[in-house]
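What follows are structure tokens for two forms of the same protein chain, given separately as structure 1 and structure 2.
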Structure 1
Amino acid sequence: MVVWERPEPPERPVPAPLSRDRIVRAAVQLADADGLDAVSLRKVAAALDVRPMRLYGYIASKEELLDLMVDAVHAEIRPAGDGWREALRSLAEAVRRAAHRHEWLADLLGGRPQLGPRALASGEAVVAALDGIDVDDVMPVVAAVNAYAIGAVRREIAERRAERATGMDERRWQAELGPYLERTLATGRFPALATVVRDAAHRDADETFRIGLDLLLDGIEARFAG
């Protein structure tokens, strides 16, 4: 059959150009939109118009994909500011801001060692800013600030989710947990707790985070940079 009347071959779907970067971006997008549970290799593959097993050319397991996602977000975590104190504070606050932008980060933070290039770059930046501190003290100090940031952020995100889950309202969890807590405290089994909840000023999340961070930084200053 001559070429003039021979039909073109069926439009073969161009194999979607793929890369770790594209895969990770798709996964992050899914997680941002619908939470970490929405990240499955099948869904990521579908978002890229690709069959699932194709991904295994770029990653060895789902765990690796999660590691890559965390490292990708570390690009947004760059300490800035003059002096060790500002560097540490901005590190902690950058972690918190990143977790606000990507709530799923709270589920992953601290779950596995972060040794990707962007995480190391964050570490490099903060360690470099700590040159006023004895080299033997740098690691414990950074570790402490990191630990605080991770724990505080997890707690904050967990609370935010619990509030959202019980009815989408902002101030009071009306549906379940609020009344449960009130009832439980009213039993008198937790008198000190009840007093604090009743009488103490209720701080918002920003303030709570800042207070704890300041306490830790004060302690560091007194010990190492006095």
Structure 2
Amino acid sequence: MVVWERPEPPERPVPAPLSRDRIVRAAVQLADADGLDAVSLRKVAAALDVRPMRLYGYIASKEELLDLMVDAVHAEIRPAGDGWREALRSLAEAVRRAAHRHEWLADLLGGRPQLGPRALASGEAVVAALDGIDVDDVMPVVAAVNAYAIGAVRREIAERRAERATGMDERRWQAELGPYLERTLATGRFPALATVVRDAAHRDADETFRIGLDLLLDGIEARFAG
């Protein structure tokens, strides 16, 4: 029986009340503070001041706990908007906001579909907004937008982590590597890259995400219009 259908143990008169929701909230707090390496049933039990074995009445494994954590965060991913385009934009932006609040989420998205109740509610909202689109196109469209959002946020989170690991933000990193890049491009071996580096606008992460999403949605719209 999957964790969302499995009943919780009956309540017992103990000093520290416990529930699946309390366990998941504690795990999310640990992951938000110190990443997924900080999450284990033992560490969650310590945060809740209970014995680790008590958790196994609610959660069978760390894998179940991670599934529950991802589903809990899906409460923050609420696609909205009039029409399919705004719903898909809302989905991508909500995924990005959630991953920025919970960096660990970027490591857990993109695999098998999330089947928890909050994830399913998010999916239902998006698919309902695609009413009128050929049923065979619905999942490829949603998958394309999800893939774009997840790929973008993984890159942004990787940049954050690199800054923390090296102590250099993007500006300092560019200043450090800039002279090398200028010398390399000056050889004339990479003329297309040289033109882009020299002449293209340098946009921040927010604008880059928005433009990329617009391009994707424009392509989807053109496919439907064709």
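For numbering, take structure 1's sequence and count from 1. As the structure is a computational prediction, the values presented were derived from the model and not from experiment. Rigid core: the largest C-alpha set superposing within 1.5 Å between the two forms.
Trainee: With each form of the chain shown alone, which structure should be assigned as the form predicted alone?
Mentor: That would be structure 2.
Trainee: Taking the rigid core as the frame, does residue 101 move its C-alpha by 2 Å or more between the two structures?
Mentor: Comparing forms between the two structures, the residue 101 CA shifts below 2 Å.
Trainee: Once you line up the core, how about residue 61: does its CA shift reach 2 Å between the two structures?
Mentor: Moves: no, less than 2 Å.
Trainee: After core superposition, I'd like to know whether residue 29 moves between the two structures (criterion: C-alpha shift of 2 angstroms or more).
Mentor: Shift of 2 Å or more: no.
Trainee: With both forms put on the same core, how far apart in Å are the CA positions of residue 195 between the two structures?
Mentor: Reported C-alpha shift between the two structures: 5.9 Å at residue 195.
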